[in-house]
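Here you get one chain, nothing else, as structure tokens; it is the form predicted alone.
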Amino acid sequence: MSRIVVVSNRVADPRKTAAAGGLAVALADVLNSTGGLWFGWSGKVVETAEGGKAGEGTVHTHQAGPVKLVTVDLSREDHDSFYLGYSNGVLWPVFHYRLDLADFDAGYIGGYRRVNQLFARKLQPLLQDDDVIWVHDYHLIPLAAELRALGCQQRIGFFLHIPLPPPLILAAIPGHDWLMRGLCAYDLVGFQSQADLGHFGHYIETEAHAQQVEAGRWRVFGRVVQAGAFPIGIDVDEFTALAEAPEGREMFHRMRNEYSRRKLLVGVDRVDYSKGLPHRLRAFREMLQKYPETRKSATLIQIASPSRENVSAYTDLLHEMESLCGAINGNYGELDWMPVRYIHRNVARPRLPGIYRAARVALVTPLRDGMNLVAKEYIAAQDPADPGVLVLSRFAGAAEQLKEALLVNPYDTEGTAGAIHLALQMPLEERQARHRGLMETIRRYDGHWWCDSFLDALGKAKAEETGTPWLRL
């Protein structure tokens, strides 16, 4: 079996899946079985890079069982332009349809390209001829092209964890053609949803005059690229085990005892403008206003983990959240009841299943999201005999799969308020039926399915180049 080489912006120890979650959980089995390599940024920013210039960095190697973890430092200049500037100042907002928040500073793209070249230079000597390389997310879109320019012939796949916007929004990025040309250097490109895959096909056909060879394969930029939808899942058994573990059970009983007279709603999100947090609070406020019987009976616990708080857009969002929570509690709260419990800090992952299980309703209402695994974790944590209800934004990638959830338009405050009220009143039999369907889906398309199906498709991807476009992007 070929060795798997994973490349991502940040690296996690696959042995510590309970703490790492997400990508580490999904990749742990395959990395451990092949004695894989995981390469990425060390998380360390140095004021003066190796050799005294940007575009270089010290490499660190750590053995994690059978998996080799290799990381590289970034200079301050590279970090600020690659990570803060282009990745999170341009690609993140544009890919989440927020052109108004993008900062198209011409200098950022140079740092973005420079770090991808750095990754390629440091990774290339570590590769074996039969390696299968799997690159993750928007930070590293040009990496395959840079590796090809160094002579790498290995199969290289890419998975985009965030949404891909329609062609006209993509085309607003200066140099969008360079970026998408880099994406087409991969043998296989994976997306979270059929909608994202459709946007990719539409872009390369209209902007790059690609010719579709067959379903999911296009001839473009002198080669054939394959693309597909591979919705990421969770390890259902691992998360269910967390719910039954001491920390999960202790949290569940504590929440049930403390809120024994209330119906709990829960939201768990990073503080990010893509998550629709103010829209959610307004919908909850509308429900309290329109349905007076929910007052003193419904409590929303909103966990909002800190994220990029040195960016002005996030600071503004924090202030708006604090203002809305204060206004709702001030206008509707009683001495013995606060409508919103707002927690602006991280909650340890082992405790989350207990919180999910105690909640009658989960509010997962992003304005735009690649997938959103909180929705799937909430389903996995439920007691099948008395499950809660998932209220899910139609603009989350998960909405394509989770049809038994109550799907809402988060921009429609009144409609979302009505759906939340419906969820709180839903009879047991309907809750059980919806939960059975949702559990069947997340079990069938779990994290192992995601990993195996992508790697299987990458192994079968037909390498077919008709030119030499990778001398340098």
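We number the residues from 1 along the sequence you see. Quick caveat, the model's predicted, so the values are computed rather than measured.
Although it is not shown, the form predicted in complex with a small molecule is what the next lines describe.
Only one listed stretch (174 to 182, 382 to 390, 107 to 115, 159 to 167) carries heavy atoms within 4.5 Å of the small molecule in the predicted bound form, and that stretch is 159 to 167. Using a 4.5 Å heavy atom cutoff, V347, L373 and E377 all lie near the small molecule in the predicted bound form. Contact check for D196: every heavy atom lies farther than 4.5 Å from the small molecule in the predicted bound form. Contact annotation: L127 falls outside 4.5 Å of the small molecule in the predicted bound form, judged by heavy atom distances.
Remark: Y356 counts among the residues lining the small molecule in the predicted bound form, judged by a heavy atom distance of 4.5 Å or less. Remark: V220 does not count among the residues lining the small molecule in the predicted bound form, judged by a heavy atom distance of 4.5 Å or less.
A single residue from the set V340, L317, L367, V268 has any heavy atom within 4.5 angstroms of the small molecule in the predicted bound form; that residue is V268. Here is the short version: of V225, A304, I133, L288, the single residue with a heavy atom within 4.5 Å of the small molecule in the predicted bound form is A304.
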